[in-house]
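Presented as structure tokens, the chain that follows is alone, the form predicted alone.
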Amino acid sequence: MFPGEGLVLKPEEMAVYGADSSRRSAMPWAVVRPRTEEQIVELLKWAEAEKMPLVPRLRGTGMSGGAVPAFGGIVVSTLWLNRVIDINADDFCAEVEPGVITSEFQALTQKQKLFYPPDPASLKISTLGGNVSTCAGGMRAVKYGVTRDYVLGVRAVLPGGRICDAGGRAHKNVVGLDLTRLFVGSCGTLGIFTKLILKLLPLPESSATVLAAFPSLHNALEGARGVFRAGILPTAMEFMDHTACQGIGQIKDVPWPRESTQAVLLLKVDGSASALAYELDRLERALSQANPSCLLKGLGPKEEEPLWEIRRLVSPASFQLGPDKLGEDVAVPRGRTVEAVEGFQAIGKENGVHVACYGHLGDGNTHVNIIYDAKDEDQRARAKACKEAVFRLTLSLGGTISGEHGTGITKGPYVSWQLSETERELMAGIKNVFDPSGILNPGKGWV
């Protein structure tokens, strides 16, 4: 079924397929690498008959252990299914296989003046199939939404070798239940993708960016509110708190006053080139009411890139503050963001660990990095207590314990804090319809 390099059995070769960006790992029982849908159909027939656990996987960029075979089984890597089948400027859609790299697909669409908005931080290495499986978000979500908003259809192989074609190329479709939405964010628990149909938009002509530093977190968040009150919907609205800025300052010269800066906002707008200068002025006026201590502007990609490079350094810079971290991605209603971030910082102080907050301010999605030394038993305990306190505060504010990373194995023990028994039973019932023997990515999601 899997000749030559299609089957991997040597432990030293399998090890890489047992880990993801959560830094969790487990050794697969075997690894298979299909090149065709027919191979996947035969695999799913055999696995159902043998009750063999299967763990779908692509590039392993997930942050919650969703691709880790923590409960045993065969890892199924669909990276070799990586064709761009069609990009259609008349239908404003594309058909692709799951192994296509996100940024490479975006570059192909842009050549036809088309735009695929989802932009997870891992877009240069992550795949479209992985993005759909986790419903990846990204910085442009405040204006354009997340991956689920751009999936028109999926083709998936189910246990037993059944093929499900959900959705299609039409941008509107209300016949029957929305099976497409069930697959998006299902983390490989319902089926294995062999084709995706994605919605495209016209490519914006240009973009512009503003970076503003503030003497307090409250000022920064007031600045963000001022932008919305002015009727401006940014393409992206990112923020970094004092701890995140401190980490960046240890690896790069920063443009803001080091001592007095408590928070930084980074905003992007897009549209026609002729209108962007005016949009920049509107942004500056809206932000100025919150008294920024530093304000920088960039018009067009060449001027914008140095500003966005700073934002991309946040995650690696956090390791300047400690050797290990728990990276959480909670989300709260927009109006509770100030309360949430101030609460997360207070929780860090109470537990004696660094807490760096940054993320997608425009949609209330905050990345909370709890930085500690995993070799120290006391610090491990305090970091776990901090994580749990962050989750409890988030839920008390009407939020969610995962805005875009999914639950996987790192958040699995806390799902019942958010989802009621009734909700979990309904989800388990849906899972049972697709996968009656429970062989697809067992132990993940909402169990």
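This structure is a prediction, so every number in the text was calculated from the model and none was measured. Each residue number is its position in the shown sequence, starting from 1.
Separately, the form predicted in complex with a further copy of the same chain exists; it is not shown, and the next lines address it.
S.K.: Can we say 101, 298 and 314 each have a non-hydrogen atom within 4.5 Å of a further copy of the same chain in the predicted complex?
M.R.: Not a single listed residue reaches a further copy of the same chain in the predicted complex, so no.
S.K.: Which among 300-308, 361-369, 208-216, 71-79 is in contact with a further copy of the same chain in the predicted complex, heavy atoms within 4.5 angstroms?
M.R.: Only one stretch qualifies here: 361-369.
S.K.: Considering a further copy of the same chain in the predicted complex, which of 87, 269, 287, 146 comes within 4.5 Å of it through any heavy atom?
M.R.: Comparing distances to a further copy of the same chain in the predicted complex, the residue within 4.5 Å is 146.
S.K.: Ok, 254, 338, 374, 158: which has a heavy atom sitting within 4.5 Å of a further copy of the same chain in the predicted complex?
M.R.: It is 158 that has a heavy atom within 4.5 Å of the partner.
S.K.: Please tell me whether any heavy atom belonging to residue 34 falls inside 4.5 Å of a heavy atom of a further copy of the same chain, as the geometry stands in the predicted complex.
M.R.: Taking the distances in the predicted complex, the answer for residue 34 is no, it never comes within 4.5 Å of a further copy of the same chain.
S.K.: So in the predicted complex, does residue 379 come within 4.5 Å of a further copy of the same chain, heavy atom to heavy atom?
M.R.: No.
S.K.: Does any part of residue 292 reach within 4.5 Å of a further copy of the same chain in the predicted complex? Heavy atoms only, please.
M.R.: Heavy-atom contact with a further copy of the same chain at 4.5 Å: absent for residue 292.
S.K.: Looking in the predicted complex, any heavy atom of residue 2 within 4.5 Å of a further copy of the same chain?
M.R.: Because no heavy atom of residue 2 falls inside 4.5 Å of a further copy of the same chain in the predicted complex, the answer is no.
S.K.: Though the partner is not shown here, which residues of 90-109 have a heavy atom within 4.5 Å of a further copy of the same chain in the predicted complex?
M.R.: Going through 90-109 in order - heavy atoms within 4.5 Å of a further copy of the same chain in the predicted complex - the hits are 90, 91, 92.
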